[in-house]
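Just one chain follows, in the form predicted on its own, and it is written as structure tokens.
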């Protein structure tokens, strides 16, 4: 496999000959996988009266403590009005803290409170457990291939955020 060949053909070459039906099956698999991936967090969020927008905000605030509202807007790709509604709820419920910027007083920096960190940990563990089982069942090569497919499907701006967050996490783990 080190020579980039799979089964005697270039690994990317075989993908060029996927039929529309094979692609359709892949698309449908993504839809159903997403439903499974979000099902466990949805049940947890329902207990608190939150939705997926709350989950995404909590997730990315946890990944980048102190991120500002504009950065979160860019990552999530939502309107300011939509994000403000979600943040207002999370702040009022004591899950997120908004602090005035030190250098720019107009900026608001976001941090999870202890309660927010607990909810984020519960949500993340539910998804990690599902991913852990799926990855274990699929095997190492499938995991690496799946990640490459996901990254190839990202728009360039989304890929830039993804890679920047990955680098930040790698530095924290060192």
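Everything numeric here is computed off the predicted structure, so don't read it as measured data. Positions refer to the first chain, counted from 1.
One more form of this protein exists, namely the form predicted together with a further copy of the same chain; it is left out here, but the text below deals with it.
By the criterion of a heavy atom within 4.5 Å, residue 127 is counted among the residues contacting a further copy of the same chain in the predicted bound form. Although the partner is absent here, residue 96 sits far enough away that none of its heavy atoms falls within 4.5 Å of a further copy of the same chain in the predicted bound form.
Contact check for residue 135: a non-hydrogen atom falls within 4.5 Å of a further copy of the same chain in the predicted bound form. With a 4.5 Å cutoff on heavy atoms, residue 48 does not count as touching a further copy of the same chain in the predicted bound form; it lies far away. Contacts between stretch 24-62 and a further copy of the same chain, counted in the predicted bound form as any heavy atom lying within 4.5 Å, involve 24, 25, 26, 27, 28, 29, 30, 31, 32, 33, 34, 35, 36, 37, 39, 56, 59, 60, listed in sequence order.
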